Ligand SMILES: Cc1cc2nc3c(=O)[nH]c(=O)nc-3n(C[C@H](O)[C@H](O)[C@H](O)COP(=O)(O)OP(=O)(O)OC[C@H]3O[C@@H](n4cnc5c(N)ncnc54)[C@H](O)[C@@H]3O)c2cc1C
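Given next, in structure tokens, is a single chain: the form predicted alone.
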């Protein structure tokens, strides 16, 4: 056991923490994860670690106690953290060193922490055709790769060439697209791997054409999806041959309310959260799933990832 100074929202406190190596980045004790997710709910991380750079992350993984649980979050756009929080260490690649991007020929190399907003600026300024759909997916590229995020007829599997990752032993290596065995909103990605960088393919197009496509995608979202609310994007995956929203509406799930959580009136596959209870949101998801199962016999699978301690 050794004593470690931990910074919490500007205050310095001393805590006894075992099995955590010294780092150049930042540890935060009992960090509220509600501040790191789009739904704005969820309990604390026992410890949050924000590494300074790749070497800092690698050293942490190599030196940490093997029994220490580790969970990685990106932009928190499709994440529901339970009220009891997450045990162990939550890693967030928030430093600018994890968000660097570089164009090399017909390849775009982006750090896993690159946001869709930053990507949009690069894609639109350089005419990177085929990547327009990614500009409207909230969160970070690391999270988008893990979940094979997609929209407007494309997804990460169609543009990913390879990814650099770090495994649970601190080894850094490159993995090709086909090794992830991508499927609809799925990748065969080991739980102890962390995405460091993605390599994306693109077609060089006129800047005005790319910008027009991005604008068209944004206009579609404004017209058909809720805006300016606490949500996490599509709540449920679309079952094969049908749409989740249609099943929800037919089962009456669009009228369900749990506390201050409900399905959006604009698009009933989007959650609308106005409260502070993650349990209300999770209970709403479960109730919608039960109603759809009873009505259609179909098991809806959540696209929103539900994590954290069971109460």
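All values derive from a computational prediction rather than experimental measurement. Positions refer to the first chain, counted from 1.
Missing here is the form predicted in complex with this ligand; even so, the following discussion is about that form.
Here the chain stands by itself, but in the predicted complex one stretch of 232-240, 171-179, 123-131, 212-220, 232-240, has heavy atoms within 4.5 Å of this ligand. Taking a 4.5 Å heavy atom cutoff to this ligand in the predicted complex, the contact residue among 201, 157, 97, 147 is 147. 137 is the sole member of 119, 108, 163, 137 with a non-hydrogen atom lying within 4.5 angstroms of this ligand in the predicted complex. Among residues of the shown chain, residue 270 is one whose heavy atoms approach this ligand to within 4.5 Å in the predicted complex. Residue contact check for residue 309: none of its heavy atoms lie within 4.5 Å of this ligand in the predicted complex. Under a 4.5 angstroms non-hydrogen atom cutoff, this ligand in the predicted complex has residue 38 among its neighbouring residues.
When this ligand is considered in the predicted complex, residue 185 lines it closely, a heavy atom lying within 4.5 Å. Against this ligand in the predicted complex, the set 73, 93 and 193 is in full contact: each member has a heavy atom within 4.5 Å.
In the predicted complex, the residues of 76-103 lying within 4.5 Å of this ligand by at least one heavy atom are, in order, 76, 77, 78, 79, 93.
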